[in-house]
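Only one chain comes next, encoded as structure tokens, the form predicted on its own.
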């Protein structure tokens, strides 16, 4: 899932400064799961903004909304009347959400309430870790189902660097050497010979280095 975290309250207050009618829009997908931008977080932020405005003596009207997916125009469209009525909209979604809102409502002032961090998974309550870089050319079949592009600090494709000691990354003793993990998994699977296969230099054009990416499924087009 896409993992994000809420921007500091002071930064959000600075973004909405000078506006009276504020619309907070949450997203019911990834950022709800990581407790950053769901209905609950929208409510907490709204209360915090109202309280801060009351303390400062500001005239502030905060409206709360959450849609199922802010990345899809049809869900965003349901907000049209409230967006048009607001002076500014704070999107509590990943970076795709506010951009979808901007395309739907080009005359509205849309600002981000979250910082999008990475594609990841849950490690435990309140803990998420990066596991995918969205590089566009998956090699998990060669690396025991573990991604070196996202999880190696240097994104090395053919084994560990010289800084790996005792299964730990030289960047931090809190980071496991992903290539040690890859070897361990391949050994258990009886596929350690995969490590002898040289993975060619990566074509980064399949990632973001070739410009914005688009996937078109003609069989789904009307």
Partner chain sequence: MAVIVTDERLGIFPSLDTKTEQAPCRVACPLHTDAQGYIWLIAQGRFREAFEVAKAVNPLVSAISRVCAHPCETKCRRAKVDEAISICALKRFAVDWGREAAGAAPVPPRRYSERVAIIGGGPSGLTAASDLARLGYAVTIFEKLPAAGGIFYYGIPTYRLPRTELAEDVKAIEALGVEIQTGVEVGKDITVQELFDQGYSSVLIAVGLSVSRDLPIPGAKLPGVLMALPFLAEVNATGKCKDVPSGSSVVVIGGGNVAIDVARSAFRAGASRVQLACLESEKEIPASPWEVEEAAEEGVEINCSWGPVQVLEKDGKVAGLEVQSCTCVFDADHRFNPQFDPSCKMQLEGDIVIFAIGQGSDLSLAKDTDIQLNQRGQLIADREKFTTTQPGVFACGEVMLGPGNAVTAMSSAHRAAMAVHCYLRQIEMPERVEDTFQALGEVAEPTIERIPTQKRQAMPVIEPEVRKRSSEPFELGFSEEQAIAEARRCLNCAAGAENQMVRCANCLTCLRVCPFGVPIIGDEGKIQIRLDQCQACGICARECPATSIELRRDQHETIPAQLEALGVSIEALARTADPVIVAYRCHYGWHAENGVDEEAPTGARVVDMLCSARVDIQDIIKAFQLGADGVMVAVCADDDCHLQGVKRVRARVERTRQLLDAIGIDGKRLEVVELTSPVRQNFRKAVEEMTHRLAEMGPSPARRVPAV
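Residue numbers count along the first chain shown, from 1. Small disclaimer: the values here were computed from a predicted structure and weren't measured.
The same protein also exists as the form predicted together with the partner chain; that form is not shown, yet it is the one meant from here on.
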| item | value |
| --- | --- |
| Proximity to the partner chain in the model of the complex, single hit among 176, 154, 50, 191 (heavy atom within 4.5 Å) | 50 |
| The single option of 43, 167, 159, 163 touching the partner chain in the model of the complex, heavy atom within 4.5 Å | 43 |
| The partner chain in the model of the complex: contacting segment from 119-127, 78-86, 142-150, 99-107, heavy atom within 4.5 Å | 119-127 |
| Every residue of 71, 111 and 133 near the partner chain in the model of the complex, heavy atom within 4.5 Å | no |
| The partner chain contact at residue 54 in the model of the complex, heavy atom, 4.5 Å | yes |
| Non-hydrogen atom contact residue 199 with the partner chain in the model of the complex at 4.5 angstroms | no |
| Partner proximity in the model of the complex: residue 187 to the partner chain, non-hydrogen atom cutoff 4.5 Å | no |
| Heavy atom of residue 207 within 4.5 Å of the partner chain in the model of the complex | no |
